[in-house]
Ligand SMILES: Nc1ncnc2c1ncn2[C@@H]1O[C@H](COP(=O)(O)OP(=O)(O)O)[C@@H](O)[C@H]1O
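This document opens with one chain alone, in structure tokens, the form predicted alone.
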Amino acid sequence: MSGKPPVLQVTGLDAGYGDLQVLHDVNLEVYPGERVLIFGPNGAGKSTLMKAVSGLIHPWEGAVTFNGRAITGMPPEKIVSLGMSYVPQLDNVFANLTIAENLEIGGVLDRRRTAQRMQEMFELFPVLGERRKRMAHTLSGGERQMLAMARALMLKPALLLLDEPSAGLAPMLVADTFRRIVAINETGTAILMVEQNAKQALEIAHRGYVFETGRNRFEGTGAEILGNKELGKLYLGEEE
């Protein structure tokens, strides 16, 4: 990478729900400024990894390190305060609040910079600025996804976790969402995302991890994965 230590390091992670183990000895790194993709079949453990990293579930074994600090099992609000934000696939905005109110809640840990950061979000997502007084439940799917990302960016995180950012969006909006992810990354925020539109996501990813049955199956650059015929057949729906 850049010679700098990883912003996120996951080592030997096991996790699950109740008696069901979902993740098995998962290892993963995200370096400063990177866009990293996790993809694989349904049930592979991708979203479980995001929840374990962000503190929503407690790992059984292994370690999560963020900017050199051990955060394994730390509560989500503490992890957010350290500079990591998570955008889940569902329930990612406050539907009965306005766009502006959603952003204010996103910036609650640093109220002194709320107005400045809100203006920066309106510059990054102009449609949100135009509709700042609209209730979130009136927004389209694409606009709601923009709001979810903007709210997560209010504290200027070092790392943004995105779980299926293009889910349910029309093809034109999928391409637009990926362009915005690149723009966010270019402001200095590293990105770790789970995404089923793997081909398009790999085109913008610096690196990718293929997950299957809760395990790392392959790791490589976006170009390496796209160029791997076996992975293409197994995970990208390509014909021989």
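Just so you know, these numbers come straight off a predicted model, no measurement behind them. All residue numbers are counted from 1 along the displayed sequence.
Another form, the form predicted together with the ligand, is not on view; read the next lines as being about it.
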Partner absent here, but in the predicted complex, which of 46 to 54, 64 to 72, 29 to 37, 184 to 192 has residues with a heavy atom within 4.5 Å of the ligand? 46 to 54
Would the ligand be touched by all three of Phe94, Ile99 and Ser166 in the predicted complex, meaning a heavy atom each within 4.5 Å? no
Look up in the predicted complex whether Val10 has a non-hydrogen atom within 4.5 angstroms of the ligand, and give yes or no. no
Does Gln89 make contact with the ligand in the predicted complex, using a 4.5 Å heavy atom cut-off? yes
Is Pro41 part of the interface with the ligand in the predicted complex - any heavy atom within 4.5 Å? yes
Is Ile225 part of the interface with the ligand in the predicted complex - any heavy atom within 4.5 Å? no
Going by the ligand in the predicted complex, which residues of 11 to 26 come within 4.5 Å of it through any heavy atom? Tyr17, Leu20, Val22
